[in-house]
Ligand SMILES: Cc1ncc(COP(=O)(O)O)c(C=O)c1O
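Next up: just one chain, as structure tokens, the form predicted on its own.
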């Protein structure tokens, strides 16, 4: 395959310049396009379901800033909320009524929350939730699952070791072994391993899981498995943390917790909660949240926490997703899009499938029912690399990794989705028949 990209001349030049300023030329690793062909696109504008790069090429966008843009780019109501708020000042490091307004909206419409604390990112939300769980229980060890990503906090940058119930090993330099030793890594979809872990370890503070794992493929779990996890945590006095940074407000206002009707002890949020601006949050019942400073002895703070501009953007977004039928319509259009692609896949006998939940989808280059990270064949990612390059040339933008999911917004209309489905279908023909 020819590796020249004249259509990305401006982006290429900007990328070379960026390498002088930023490690790898980026401020978040996956943006570097290391897993796909060519230099990364530099984006200068977004509108609706489209983005435009610095070379003035337009793309139908399925990355959606990795999930936050559920209303599409440059939603007029969100834009107006941002402009009107920032005209009064960008940050005060003090309480504002905008934080009250967003907090009230969320808590009144989420059955499993009584109090929240706003932070500035999903990583910060998870980091704080872990600290809270340890402070509340007085225990230190955390269980996480291979294939679930919870941000780049030290104790969570861990992959599984050699045993079924084992301490992990760090996936990043700079993480002390003593931090990793406090984290136990289990495979998803394995109740035997889960039961053995609870039987062996009696110093567990919390189990953290993406109830809809969507950072290493879309590894949909059975509801019965999540219910069993809830029961085991309850029986053993261990807190259950649902990391809903991706699924929160995406598969429904109450996220996966509401969808599966499973009550976690602590929830973490990000992405959609900020309407495209940097926001995260963690919340729980009042009894647990009262351990957070200044009420309790678990310290957490942030200069830009509950930033008024971000609070306004989040409120404008969540008010719109609460419109009657919003999630039903979003899921229906996603299902129609996925069905069109699936029909082409089945007709041509391609060894793959499109996995979907709500408005999230994943191009899975395997016909198998994949629920665990170790079931993904790394060799199949080569298909995605070819597809990604083909689709960029066709005006379709997917996140630059075959392990990442795609997102559909309310601005993806039938015309855009039909165009995208047709082009993706041709791209799959190219991948499998070239």
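Numbering follows the first chain given and starts at 1. What you see is a predicted model; the values in this text were computed from it and never measured.
Not on display, but discussed next: the form predicted in complex with the named molecule.
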Judged by heavy atoms and a 4.5 Å cut-off, are 121, 126 and 210 together in contact with the named molecule in the predicted complex? yes
With the partner left out here, check for me: in the predicted complex, does some heavy atom of residue 250 sit within 4.5 Å of the named molecule? no
In the predicted complex, is there a heavy atom of the named molecule that lies within 4.5 Å of any heavy atom of residue 151, even though the partner is absent here? yes
In the predicted complex, residue 356 touching the named molecule (heavy atom, 4.5 Å): no
Within 4.5 Å, heavy atoms only: does residue 307 come near the named molecule in the predicted complex? no
Counting only non-hydrogen atoms, which stretch in 356 to 364, 173 to 181, 240 to 248, 198 to 206 is within 4.5 Å of the named molecule in the predicted complex? 240 to 248
In the predicted complex, the residue from 334, 85, 317, 215 that sits within 4.5 Å of the named molecule by heavy atoms: 215
Using a 4.5 Å cut-off on heavy atoms, what residues in 251 to 271 are near the named molecule in the predicted complex? 271
